[in-house]
Ligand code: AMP
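Presented as structure tokens, the chain that follows is alone, the form predicted alone.
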């Protein structure tokens, strides 16, 4: 489909990403927002996301992002990169109150919660899915820059297993629009602040391997996070760095969000299905990258996760 088909007779449109927005959430939401503002200026368009600090301020119109919903009576509301309706965040209530809803996503755990759903589990990112529903000739430099940002972040700079030939072709078409793609990779993906490097170092220093060295985990308490003064958005990349440990199949990074409540990030290399593990605890995501929220002590959380991961190891060995 083309997004134009869904915008017929739409006068007021809402776009929303998920809680704790990452690079793909920001890129896909802002790519769609920029495209609609540029090509359908008659539509009153609002985009809703939680704050991401200044990390993505190079993307055009980031200053238009609304963190609170004041408007109502939308003709169409689109969720982008949201795997579960409960994760829509600041726009949850107004999304529920809107009759016509559309979900654009790529998470395998998405069960199609909107009135209409475009979910492509094999896509590298929601940004790739968004690209495929736009008119390529009408994609501007600003829209391309946003979508490229999302693809780079969710494909791990084109190295995750979800990266396909189509992913690379889309990236090439976006690069042709003329933005500085090198800086997006260097500054937007690899660069870290001094404090981020310190907390990454602490997470690595205190990491522990288990299941005969095939798994690794690290945990940060609220006290750790408050001591370094980092936001939750600044903790990205730790699970991925743990995954790169030689000999490790599965990596777990958890950090405390409330007393005895943890955000869990899972990453795997070859065969552990992270989505299956996270799904058991009410989360989800992708086969090689998923997350959930769990309650209990650190040991409770890790032991419960280890039990589900070990089942998969035994299943693989049996085959």
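Positions refer to the first chain, counted from 1. Computed from a prediction, not measured in an experiment: that's the story for all the values here.
Beyond the structure shown, there is the form predicted in complex with this ligand, which is absent from this document and is the topic of what follows.
Contact with this ligand in the predicted bound form, judged as any non-hydrogen atom within 4.5 angstroms, is confined among 277-285, 66-74, 32-40, 53-61 to 277-285. This ligand in the predicted bound form comes within 4.5 Å of no heavy atom belonging to residue 272. Residue contact check for residue 153: none of its heavy atoms lie within 4.5 Å of this ligand in the predicted bound form. At the 4.5 Å threshold, heavy atoms of residue 87 reach this ligand in the predicted bound form. Among heavy atoms of residue 265, some come within 4.5 Å of this ligand in the predicted bound form.
Interface residue among 289, 254, 49, 251 relative to this ligand in the predicted bound form, by the heavy atom within 4.5 Å criterion: 289.
If you take 103-141 and check each residue for a heavy atom within 4.5 Å of this ligand in the predicted bound form, you get just 107.
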